[in-house]
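Below sits a lone chain in structure tokens, taken as the form predicted on its own.
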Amino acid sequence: MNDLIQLKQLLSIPKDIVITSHRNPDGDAIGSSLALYHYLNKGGHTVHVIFPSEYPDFVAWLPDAAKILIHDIEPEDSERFLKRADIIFCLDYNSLERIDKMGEVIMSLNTTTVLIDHHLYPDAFADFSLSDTTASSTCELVYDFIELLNDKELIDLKISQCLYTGILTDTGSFKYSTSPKLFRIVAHLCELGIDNNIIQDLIFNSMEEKGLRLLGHCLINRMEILEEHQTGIISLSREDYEAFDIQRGDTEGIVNYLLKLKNVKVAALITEQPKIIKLSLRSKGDYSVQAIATKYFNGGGHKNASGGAVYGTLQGTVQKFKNILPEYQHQL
């Protein structure tokens, strides 16, 4: 991390601190933010966590999740805390565009900013940066950050639960982006008292009935397999959203079911939003969906997990995605 000693000096005196993460926060976003929140509280800082939009229910059990401010719901309070902050942490995103109007506020300030992130091609907007694209998750990097500050002994059960949640979800239950270093971190979190069975149950076995019915609808009625391109596509229309009362977080993880198929190497969930069409892309092995998301869909992310969005129709976007696939046939 650049200028670590200077940052450590800044944090040696209690500060007003805001922790931010991206729109539609996932397990890594909320896990890393709350882990850092609990760590900084131990240093006597006044800390607020602010997200642009609401987080999914499967992470609502995390310690102090209820204290998170949502800019979409409480814009005035959110911006007031941002404007009075001495330090703003930017977790699990590589560009201020990922936090929408909050990013515009941060750009207008002269506040010290700290980036902790594992996505490719981070913008150069932060004063301090811990960026590692080989890391499994931002939670892994928050663990590294605490260790770099020589405060590893401050990691307690609350912090461990938050970190483990982000690691577990971003690695797909340890299927992706793992390393010997990561498992050493996880071993330490286990030694601090986390219960893997309970956390797995809270995250993966807390679906409402409509969620299971939606999954069945996606797999039976909305799934298309393109054998020649080893690709699976699930598309959801506005009518699907209305019929199943789909809310934020309800489609989380659906795209991964396509990769359970032996002959599917690329998976796409394409959904019709009120103003845009969103894509969630996944892949196996060396196939880079990040390249597709960046080049054609104004997005990005990781080699095997990326997303994007375009203006247009659902049918037109699905066809555009299909037309792109021959260009990447050599990666199969």
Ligand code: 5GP
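Keep in mind that this is a model prediction, so the values were computed, not measured. The first residue of the shown sequence is 1; numbering continues from there.
The same protein also exists as the form predicted together with this ligand; that form is not shown, yet it is the one meant from here on.
Only one listed stretch (35-43, 298-306, 52-60, 65-73) carries heavy atoms within 4.5 Å of this ligand in the predicted bound form, and that stretch is 298-306. Contact between K278 and this ligand in the predicted bound form is found at the 4.5 Å heavy atom cutoff. Contacts between stretch 91-127 and this ligand, counted in the predicted bound form as any heavy atom lying within 4.5 Å, involve R98, H119, listed in sequence order.
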